[in-house]
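Here you get one chain, nothing else, as structure tokens; it is the form predicted on its own.
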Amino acid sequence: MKTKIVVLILVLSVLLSGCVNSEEKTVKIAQQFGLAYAPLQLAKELDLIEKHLPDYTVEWKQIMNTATIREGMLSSDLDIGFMGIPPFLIGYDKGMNWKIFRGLSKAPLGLTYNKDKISSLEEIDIKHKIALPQPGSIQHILLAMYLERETGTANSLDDYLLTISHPDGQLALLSNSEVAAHFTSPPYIFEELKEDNVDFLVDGNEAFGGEFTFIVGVVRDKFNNQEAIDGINKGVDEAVEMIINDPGKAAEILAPIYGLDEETTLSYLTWDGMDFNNEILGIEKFSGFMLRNDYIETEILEEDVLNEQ
């Protein structure tokens, strides 16, 4: 009888151990909309992360904005997210001990406007809206940086912001709606500028005052798994190498996902200013501006938020 009990305990121990290992071998990744996430999309389509993490289950989630990613990480429904630096800093300032573990891309962000509705930002009033992903997004902060320099008041147009996804913002800008301007990213900005009645007001680098990383990879504080982070980095780096060295192949894979033809996708991937790499630029400049204008309450240094390898 004692022998049977011992055997039963051993079997249960093995089964429970398997459950724990199974949980540890899952990684949940969130990405958002746009061509700046192209390496992630390629990694997903080609199972590049699974290639470097063969014992893991990789779960992908398409998320509309950073607020949803933040909620997912707080509830442990997400482990990894990709986003702009400003919303990351806002979350960190509010107590989220998440970390940046890599850069993903730079991109030609910018503010477009419908010439049939306005001819300058000075004409924005109660009848008009500026579409962007959400307050505190990188688009919002870049707009505020531009306004601070041009008008002396960073938040002068905050009452006219409309939270909307990039695809919906594009549709609203071109339709008979209240949206008169759209701070957006590729491919939506490229598509908008093809229209005769759309023009370009300011680009992201001009607003920022130099180069910055658009999208960074972020890991939640309790996902303490360097093996998974290393595997993600290897898979994403492999996708970046394809975009750089074989952009035609990358365009062939990505074109149907973005609803574009291959030729257009290739031109967008290789557009001047589209730069895919793991560099991280702009943390402290964003932080200083956001602290000065009350978007965050504490000074945040680069050393505070970079994930130690």
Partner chain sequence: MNNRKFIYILLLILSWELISRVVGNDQLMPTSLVIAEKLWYELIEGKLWLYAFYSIVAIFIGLGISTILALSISLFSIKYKWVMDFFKFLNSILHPLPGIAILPILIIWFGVGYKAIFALVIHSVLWPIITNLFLALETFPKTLSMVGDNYEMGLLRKFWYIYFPGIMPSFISGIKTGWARAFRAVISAEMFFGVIGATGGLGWYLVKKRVFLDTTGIFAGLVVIIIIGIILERFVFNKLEKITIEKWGLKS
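Numbering follows the first chain given and starts at 1. Here the rigid core means the biggest group of C-alpha atoms that line up within 1.5 Å when the two forms are laid on top of each other. Here the structure is a predicted model, which is why all the values come from computation and not from measurement.
Form predicted in complex with the partner chain: not shown, discussed below.
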{"query": "In the predicted bound form, the residue from M96, V202, I100, L174 that sits within 4.5 Å of the partner chain by heavy atoms", "finding": "M96"}
{"query": "Residue among L147, L162, I118, V198 with a heavy atom within 4.5 Å of the partner chain in the predicted bound form", "finding": "L162"}
{"query": "Whether G34, E45 and E59 all lie within 4.5 angstroms of the partner chain in the predicted bound form by heavy atom", "finding": "no"}
{"query": "Candidate stretches 233-241, 77-85, 208-216, 133-141, one within 4.5 Å of the partner chain in the predicted bound form by heavy atom", "finding": "133-141"}
{"query": "is_contact(F289, the partner chain) in the predicted bound form, heavy atom dist at most 4.5 Å", "finding": "no"}
{"query": "Proximity of K106 to the partner chain in the predicted bound form, heavy atoms at 4.5 Å", "finding": "no"}
{"query": "The partner chain contact in the predicted bound form: I124, any heavy atom under 4.5 Å", "finding": "no"}
{"query": "Partner proximity in the predicted bound form: D168 to the partner chain, non-hydrogen atom cutoff 4.5 Å", "finding": "yes"}
{"query": "Heavy atom within 4.5 Å of the partner chain in the predicted bound form - qualifying residues of 175-204", "finding": "S177, E178, V179"}
{"query": "After fitting the core, R102 CA displacement of 2 Å or more between the shown form and the other one", "finding": "no"}
{"query": "Core-superposed C-alpha of D125 shifting 2 Å or more between the shown form and the other one", "finding": "yes"}
